[in-house]
Structure formats: structure tokens, C-alpha cells
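Taking the form predicted on its own, here's one chain by itself in C-alpha cells.
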């Protein structure tokens, strides 16, 4: 071995220590995935070299035959994996093998519970890559040299997977990376050609470059040891270029795990080849679980981009809208230039056409999943529903299609599960109902018990209950579905249209006329607190509610804006009262204007609380209520 220089010992990042410990103890049931992860990384390194060599052919250093080799030594109890890809510099090694520079790391660590079964799912979801080597090895050595650097700048990294690692400079003639796993006692089964061959066929057959294993040849005359020969054990062709009829589900699933660095199978996938004006292939996947950085809109996302089978870019975000950022996959174009950049992608009209087609393909895939696998779609919605709700604002042309994929809780359920589609809602709408009714709020309990729903319960009309923070914003972009308008039951003057009989409407008008005096008295008492006072058509059991003006911001949007420090436009609620409620009848007969004012303010504050709002002056509310209680007890 070459002489080592500039040797130093460095400590792992805290998150790496935690990950190593949990991985070694949680993934014991599926140890063989270490090879899949290391081969996947080696494949990425070769892809990067192939791309960089387009503009700098000297990086190939005369060796253009790109491959991965896996070998073993039974006596030494080692498994070695070697690639002739881009390789790593000393700085790269310290950065990539000593830290986890991944968004969502803190959330990931917070979610680990110490329960081995649950944690193995989380670890798989996060992606373990290189560190999976420590599942079977008690020491791992890495020898690497970045393409284009001199042989004297090779680097040797070594660790036992505990608190630290060693890095030294060594001579390395060939570019690329060699990883040597010193197997733990009891893991000798992996130092076996047949075992390694089966693992490669099982997990890495789809890798689009040769993965070679040594085969023993007969010794030549005069030789004591047989000469070492290599044979390719995988198919070594890009999966997306093969006909769909030739590809098994297991192959699609393993390819997903390779590109997504995920342990779980995807929920669904769509493989398509487009020929004609544009020529490209795409293979798109819907993951089973959400990544930790799903709600960090700046986090890396997008498809792997190939041009004529040559890898060009990871996380090319221009091919799908942001609300579909959870989709994983590959797009391979025959029409783009090999020197394409992210800036060019944003301006190229070819990309707009591809983006439109790929977006429709994803939405069709989700429609099919919802129709054919409703239970699986429930799982999808739980993981990705809030992101899908960003769709109507971002993708006007597909608004109706996205709306059909949305799911909501409703007054017909009793557990708050978001399981009702808009098609379900309309299918069981009352005869003559020409609107889709909904109510937004902070919690399911609050909206389910809201006084705004009283008339709907009485008439048996279903109302959608929206409690996600994004919902009011969503509804500002959804005006209709299947020709039916959306109506917020807490906004404006409620009009039930054909669901109210002429007799009901006439009776309501007559009651309103008889209460004009009471309306004026309450308006005077509440003063600047309200924009309007009127007789309510919504209430059957409660004395009063606060309605929102037709053009005013709802409570959810006001709270979101206030929390982000933005200025909220001034608006005042509409006070509606139930003329047949005993408290309102008592208020109407009250002679003392002071007492009338106190009672009006108490009813106003109670209506605000029922709507989920906070009181502007809680002390005044308590004082008035206590005064009333004292008077009642005298």
C-alpha cells in the first residue's frame, strides 16, 4: 500500500452517530440492502463522470469503459466494491462521509423513537446510502481519487462506525472509489460469489452499466493460480428504454428504490414513451410515504434528467409543477442538448410541452389509484393531501382535475377523516341542491359543532368541514366543481336557493320585519364592533353567530397573515341573532339600556368564541358575565 500522508482523525457529525447506531440496530432484518445502497451510489458517481466528461473528455483519463466491480475475499472476510466514476477529493470525503447535509435532518432525528420496527421505516424513508455498510461491517475503508486530480491526491478514509474516522492522503493510480468492507463476525455469508450475485440480480439488475463479479477460470499452463476474469451479472440496460411488457413489477419497484433512495415500494408508477413531434421516455413514481422535507419548498426536488441515455441532471425541477414535488422518476429526452442547464430548462418551449404532458400523466395516475385502490389512495392523501391543495392556485389548466382528487371531512362522517371526494358529495346532494357547502375552522371539533351548521342539520344538507391551515387559501382559488359553485356557510347572507320553500322564505321575511327595532337596538349597543346586525336564517338552537362579509378575509387567513407579521385589512363581522331563542326574547324585552348593552356584548363575545376567534377584551367579557351572574343570584 502507498505511504499515507496528512493523516488526521475527525469526529462524525452528531446526526451521523445517531444514524449509525440506529441503523445497525434497526435494519438487522434486511442486511443485504447494504449492497444495493453502495451500488446505487457508485452508479450515481459514474453518471456524474459521464456528464462532466461531455465538456471535459480528459476526465476519462483514457478509460472510457465505465463499470462497477464487486469482489470478495473469504479468508480476509472482506467485500470490495469499486467504481471508475467521478471519485472524491479529500474535501469531498470529509463532507460526504462525515456529515448529513440533507434538509429535514433535524425533523428526521426528532421523529426517531427508539422502537426498532418504526425506526427502520423512518431510516429507509430518509435514505441511508453509504452508512448502510456498517450493518454488516465493523470497519469500512474508502480509497478514492477525483477524476482529473493527480494520482498523488488519492484519499484513504477509514472508520469503525463509532465516534470518529481517519482521513489520509495516498497514491491512487485509477480515478473513482474503492470501498472495502471488513465483515463483522457472523456476516461471512456475504463473502461469497453466489450470495453477492443473487443480491445484485435482485436489487440492481436495472442499473444501466455493467456490474461485474470475478469468475474463476481454469489455470493456464504453468500457472499455479487461475487467472481472474470478470463477468457482468446484471442486465446493464436502462430500465426505461425497455418495453413495458418485458419489465416485471419487482424490477420497477427496485428501480424506484434506486432513484429515490427509499426502502419502501412505491404506491404506483407510470412508464411511457412519446414519439412524434417530441421524443422522450418517462418513468414516474408516487412514493408511499412523504419525505421529511416535503413542506420545505426550497428543498431539492425533481426528476432525474437524461438526454439520449446520458445522465445530465439530478432533481431537474422544470418538468413538474411545485405541488407535485413528491413525484420521483426519470425523463429521457431525444430533443434536448447534452449541455442543457437549469437556466435553459426554464426558458425552453420543449420543456413547457413536456411539463404539461407529464403533469397530466401524474394526475391520471392518481385518478386511477383513487378509483382502483381507494384504501391506498387514503394513505396517499394522508401523506400528500396538503401539498395537492397547493395545486388549484399553481395549475389553472388542471384545476378541475386536481379538485377531483381532493378529499375532505364532512358532516356525514363522525371521525374527521378526510375521505369525501367532491364527486361523492355531489352524488348524495339533496334534490334541487345547486351548490357545494363548506365551513373552515381551526379544528374538527370546532367546525363540527359550529352554530353555522344548525340549519343544514335540520334540512339534512351535507357540509364539507375544512380544518387544514391551507384550506381557506385553497377555496379562494376553487370557485366551482362540475358546474356547482362553492359556498362558505359562514360568509355573507346565506341563501339556500331551491332548498328553502317559498313558505320558509316568506316566513323569514315577516319575522325580520317584526324585529327591525331589536336590530337597531343591538346595532347601537355593539357600535363599532360590527358592520351589520340582522336576523339569522342559519340558527335553530344557538342565540347568535358572527358571519363574515362576502369580500372579507376569513379567520384562518387572518391568523396566517398575522402569524407571518403581515398587515391584515380591517374588517368587522356581521352579528346575526336567532329571534326565537329564549335569550334573544329576553333581550328584546329588556328595559334597561345598560343591561341590554351588557347582554348584547356577552352574546357577541360568545359568538366569537364559538367561531374559534379570540376575544379583543377578555377582561370586559368576564366582568359583564360576572355582573350578570351576581344579578341572577340575588
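Every value quoted in this text rests on a predicted model; they were computed, and no experiment measured them. Residue numbers count along the first chain shown, from 1.
Although it is not shown, the form predicted in complex with adenosine-5'-diphosphate (ADP) is what the next lines describe.
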Exercise for the section: Look at the candidate spot formed by 407, 473 and 555 and say whether adenosine-5'-diphosphate (ADP) comes within 4.5 Å of a heavy atom in all three of them in the model of the complex. Expected result: no
Practice task
Using a 4.5 Å heavy atom cut-off, indicate which stretch of 567-575, 56-64, 38-46, 592-600 touches adenosine-5'-diphosphate (ADP) in the model of the complex.
Solution key: 38-46
Problem - Contact label in the model of the complex: residue 177 to adenosine-5'-diphosphate (ADP), heavy atom within 4.5 Å - result: yes
Handout entry: Contact flag, residue 131 vs adenosine-5'-diphosphate (ADP) in the model of the complex, heavy atom cut 4.5 Å
Key = yes
Practice task
Would you please decide whether residue 328 lies within 4.5 angstroms of adenosine-5'-diphosphate (ADP) in the model of the complex, comparing each non-hydrogen atom pair?
Solution key: no
Problem - Contact test in the model of the complex: residue 459 vs adenosine-5'-diphosphate (ADP), heavy atoms, 4.5 Å - result: no
Completion exercise
In this chain shown alone, the residue from 304, 261, 271, 172 with a heavy atom within 4.5 Å of adenosine-5'-diphosphate (ADP) in the model of the complex is 261
Practice task
Select from the listed residues 378, 96, 521, 160 the one whose heavy atoms reach within 4.5 Å of adenosine-5'-diphosphate (ADP) in the model of the complex.
Solution key: 96
